[in-house]
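Consider the single chain below, provided in structure tokens and representing the form predicted on its own.
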Amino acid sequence: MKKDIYEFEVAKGFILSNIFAFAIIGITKHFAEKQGVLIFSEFVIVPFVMGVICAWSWKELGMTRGRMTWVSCLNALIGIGLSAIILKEGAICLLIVSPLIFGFMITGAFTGRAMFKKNNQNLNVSILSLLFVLFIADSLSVHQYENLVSDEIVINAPPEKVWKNVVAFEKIKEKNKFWLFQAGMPAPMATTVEGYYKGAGRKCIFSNGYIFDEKIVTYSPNHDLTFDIIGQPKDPEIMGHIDIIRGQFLLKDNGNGTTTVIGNSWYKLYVFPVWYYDIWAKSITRNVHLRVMDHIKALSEKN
């Protein structure tokens, strides 16, 4: 096959699949995104069907498996790039979603290759009809997910010494250990408080200057500091993806001059499937906890 025809067919697959994807994403805005969520279909079914569309465009090209994998990856990169431009997604979000996009687009391409190679119209219609039904069902379903992440640390200091560093603490100077923080995700840097009482305002300041506004709802000195998150920064890495609802520090006197500090965070996810995105949410939340709690430990254990 002539090179120009070959390249035209490859490009046609790229163009048709991405037009399909962004048309479907637009449609979902009138269904699931009225709930303020990004649904399972957008990250699984859409890239899968994109792969099938590409396979249909490329069915006469005689691609090897390696070549099909390569051009599918290239199409995934194009889709991710367009998401950054059109949907204004942040770099970290795109990094997180990319394994789903790559995986299901490649899977769709090879599924389509098998479908069109057999040329079984009944099978092809059945598969596409099933995907359509799953998409509609997913779009019309209620999506709601909340979770709690809890971590603890033992500090070699009594509760009364630890408490003041729990309520507010000076700037964290230690280098980031978590790879996403190193990649550019904002990391917690300092906490300020208006006063030491229930109802006081509190601010958690991140490395890029973003501020989470908080309100203390439980103030039990040396025992329990609980605060609601009342304001979050409007950042593409956060908005429309996750809400941090509440935070809490519990202090337990171990009776031997040490204190166990338990950090709890409640959050709500707006991206699905949960089985994938909650892995990331837990990991990020846990590393926020550990960065803050390690700093509290260092401050409290100073002589």
Partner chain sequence: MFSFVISYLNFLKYIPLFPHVFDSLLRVWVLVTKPKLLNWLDEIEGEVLNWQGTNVSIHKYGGLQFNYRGTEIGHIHSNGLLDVLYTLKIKEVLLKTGRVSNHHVFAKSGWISFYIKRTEDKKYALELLWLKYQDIHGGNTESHRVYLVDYQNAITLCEPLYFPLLSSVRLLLEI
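None of these values were measured; they are calculated from a predicted model. Positions refer to the first chain, counted from 1.
Another form exists, predicted together with the partner chain; not displayed. Remarks below refer to it.
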Counting non-hydrogen atoms within 4.5 angstroms of the partner chain in the predicted bound form, say which of Lys252, Lys268, Arg65, Arg246 makes the cut.
Arg65
With the partner omitted here, the residue among Val97, Val166, Ile155, Ile106 that in the predicted bound form has a heavy atom within 4.5 Å of the partner chain is Ile106
Wondering, does Lys198 line up within 4.5 Å of the partner chain in the predicted bound form on heavy atoms?
no
Is the gap between Thr260 and the partner chain in the predicted bound form 4.5 Å or less for some heavy atom pair?
no
Is there a non-hydrogen atom of Lys161 within 4.5 angstroms of a non-hydrogen atom of the partner chain in the predicted bound form?
no
With the partner left out here, check for me: in the predicted bound form, does some heavy atom of Thr111 sit within 4.5 Å of the partner chain?
yes
Which one, 202 to 210, 67 to 75, 189 to 197, 176 to 184, holds residues whose non-hydrogen atoms are within 4.5 Å of the partner chain in the predicted bound form?
67 to 75
